[in-house]
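The chain below stands alone and is given in structure tokens; this is the form predicted alone.
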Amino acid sequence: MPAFTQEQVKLSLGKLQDPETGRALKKQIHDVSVDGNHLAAKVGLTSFAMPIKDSFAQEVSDHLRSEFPDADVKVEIVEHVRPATPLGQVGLKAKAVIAVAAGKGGVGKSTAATSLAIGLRRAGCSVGLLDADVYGPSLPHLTGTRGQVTKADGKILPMVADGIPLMSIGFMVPPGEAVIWRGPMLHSAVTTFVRDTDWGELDYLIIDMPPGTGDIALSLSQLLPLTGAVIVCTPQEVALIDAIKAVGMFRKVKIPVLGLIENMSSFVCPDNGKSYDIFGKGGAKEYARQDKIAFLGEIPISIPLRERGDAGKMGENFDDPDIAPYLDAIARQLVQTLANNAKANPVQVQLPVLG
């Protein structure tokens, strides 16, 4: 007789929490088999949490080995399908809406937002990317996407790059034409991008925000429930001052700050392999520690990364062994932060009201 039963294993696994919702894992236990002292468990993970698949598998394995010390444990992680529910009055089907922002221009915010979207997509998530920088749209150039969007059945059909649906004012106005709009028109444009685009069903909608602390953040906070904001800055003191202002602005409109990304953190010279901290290093990480904000990672100064951005080939950065680890780590850390938040505050199941 085995020292443990299939039912005991299932009950034990049910103590764990789903990284997406924070709820008990019970419905995601796809299969458990016990053969002597061999224990095999097949556990479901939603595409939303796939960037942390390896750490989740380790968590499940460690838990089972702790609960059943004599067991030879084998864990397999499989996809567990959970549809997204419409958000707010606009009906956007996305599990998380992340604003990527910066307190000032020129810190690489659009590069970070695009890289984050690609990193999540490559890890197995369903991702959309919205360029909310109406005055200076960078998304068409960074993704190498050209042309004008069209409509079908009353919905705007987004462009697609690297498997990611894209929307930008750059797909609606001729290249090089200036957009001169006031606040109400900005609000209307953002509403149109979110509500009238055929995004499909998403795990994440990543929004590349305009630089600074303007009207767009307020419009978005009124339009739909944002999961949170990611702030991009460079290491030097003057950039951190502006990043702190951006953090304060999001907190003022009740949007959680999920973490900081430090861009241009160092430069590795291709001639001698030495690392140079041109703008300093670690300033964002230290500020994040002091303000109890998650530090999502850093992006080094890289000539190939810049060249691929100029050429509209951002996806190729993920095949570069010198760059990919930094970008993958940021996507993974964002999802881990969301998982930690979900575990601390599990999503409440809405039960039907019985008459």
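One-based numbering along the sequence shown. Note that the structure is predicted; figures quoted are calculated from it, not measured.
Form predicted together with a small molecule: not shown, discussed below.
In the predicted complex, every residue of the candidate spot (G106, S138 and L305) has a heavy atom lying within 4.5 Å of the small molecule. Using a 4.5 angstroms limit between non-hydrogen atoms, I293 is distant from the small molecule in the predicted complex. G312 falls outside the set of residues with a heavy atom inside 4.5 Å of the small molecule in the predicted complex. The closest non-hydrogen atom of N263 lies within 4.5 Å of the small molecule in the predicted complex. Among residues of the shown chain, G44 is not one whose heavy atoms approach the small molecule to within 4.5 Å in the predicted complex. Between the small molecule and the residues V34, V60, I301, M50, the one pair within 4.5 Å by heavy atoms in the predicted complex involves I301.
Heavy atoms within 4.5 Å of the small molecule in the predicted complex map, among the stretches 36-44, 293-301, 23-31, 61-69, onto 293-301 alone.
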